[in-house]
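A lone chain, given as structure tokens: the form predicted alone.
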Amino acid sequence: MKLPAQGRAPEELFAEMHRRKEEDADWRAGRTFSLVYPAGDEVDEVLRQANELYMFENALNPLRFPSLKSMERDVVEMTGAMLHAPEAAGGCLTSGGTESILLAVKTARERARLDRGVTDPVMLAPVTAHPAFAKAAHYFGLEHVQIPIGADLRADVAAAEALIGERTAFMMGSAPNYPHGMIDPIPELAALASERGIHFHVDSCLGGFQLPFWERLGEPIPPFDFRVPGISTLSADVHKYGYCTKGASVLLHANKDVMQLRQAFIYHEWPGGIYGSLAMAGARPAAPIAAAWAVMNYLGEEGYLRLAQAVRDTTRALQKGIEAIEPLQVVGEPAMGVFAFRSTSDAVDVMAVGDGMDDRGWCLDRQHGPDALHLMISPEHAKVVETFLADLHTCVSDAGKARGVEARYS
């Protein structure tokens, strides 16, 4: 396709865009279980107005747009308070969990190089860690060593300790991990790292805006935030369960001086003046900053608690309904509304079940080790529980019949 010789009329452009959009996943109807986290029409309207108000600004230079600087500071401080960050903490907004992770790894590499003389650094991350950690190791020249997981699907602490060496620059745990929704043993891993002067990161991109409220609802959430000694950095995505539009994530540092000394990039050896940045990007969209500030202030603690309860109750209803369909089983004991389910019988191929659900308009992610279908629950899924479970039973029955087995409710 080439740039058109003549411009096209807006009505023609938007008609075509609407036609193309018809092929996209129907997240508004609760048919997707990842990528988008709808929280209702009222939240959508707040986000829409915030995005429109800051559609054209550039967050590169806070001197020109001080409102963005103050809103970013507010978002970081509110997130830090929610996650019990210490008085010396600092942080910044990034474009998403991947950028937060990249910056945490880059900071750890610089700390190891400048503070401990490590020139050939190693990253230790559980097998279940998000691929962004492998990406960061690839980008920044760290050897990526995987920590095995135990029978409980959490990082094996003894195995992690055996892997630590003089070159270890970075360790991490997930709260929770993406594949199974399990929280790694954060206190034990952080202690191992802290005793040796190793940077320890908690990936709470999924859980940062959910787990504090599940805890307040009385759920048994294992320790994962800055109340745990030894945590260096923690990432929490506002554009996931913070219900902000893409892309907004918070990277928190236990010590803001480390962020300024080891994360920030400062350059002045060119004619354009001093250039400084905490983030990977130069020009940064202003709309996600404004949207994050707006939605966090709009919802407040009461709103997030209400939405967390909706997610928890929907998660429980779905898990109960899934396990009532033989031979389906939830994988592990997930800590929040992120989980996978598998088939315990060779007679029912769970991937075939996923194909059947696709045909009915549901979008479920696939996993392996074990083969499983993956769900991330949002508040809007409360209205589709019965329809989802009915379709799932039909698809399990169809998959079983293909192999001569009749599926049933237990």
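All values derive from a computational prediction rather than experimental measurement. Start at 1 with the first residue shown and count on from there.
There is another form of the same protein, the form predicted in complex with a small molecule; it is not shown, and what comes next is about it.
**Q** Taking 126, 168 and 199 as a possible spot, do all three reach the small molecule in the model of the complex with a heavy atom inside 4.5 Å?
**A** So, no: the whole triplet misses the small molecule.
**Q** Could you spot which one of 242, 80, 181, 97 gets a heavy atom to within 4.5 Å of the small molecule in the model of the complex?
**A** By the 4.5 Å criterion, the partner-contacting residue is 97.
**Q** Name the residue from 101, 336, 93, 325 that puts a heavy atom within 4.5 Å of the small molecule in the model of the complex.
**A** It is 101.
**Q** Applying a 4.5 Å heavy atom distance criterion, does residue 176 contact the small molecule in the model of the complex?
**A** Flag for residue 176 set to yes.
**Q** Considering only heavy atoms, tell me if residue 318 and the small molecule come within 4.5 Å of each other in the model of the complex.
**A** No, no contact at 4.5 Å.
**Q** Quick one: does residue 236 come within 4.5 Å of the small molecule in the model of the complex, counting heavy atoms only?
**A** Looking in the model of the complex, residue contacts with the small molecule do not include residue 236, since no heavy atom lies within 4.5 Å.
**Q** Is it the case that residue 290, even though its partner is missing from this view, gets within 4.5 Å of the small molecule in the model of the complex, heavy atoms only?
**A** Taking the distances in the model of the complex, the answer for residue 290 is no, it never comes within 4.5 Å of the small molecule.
**Q** Using a 4.5 Å heavy atom cut-off, which stretch among 118-126, 72-80, 256-264, 200-208 contacts the small molecule in the model of the complex?
**A** Of the options given, it is 200-208.
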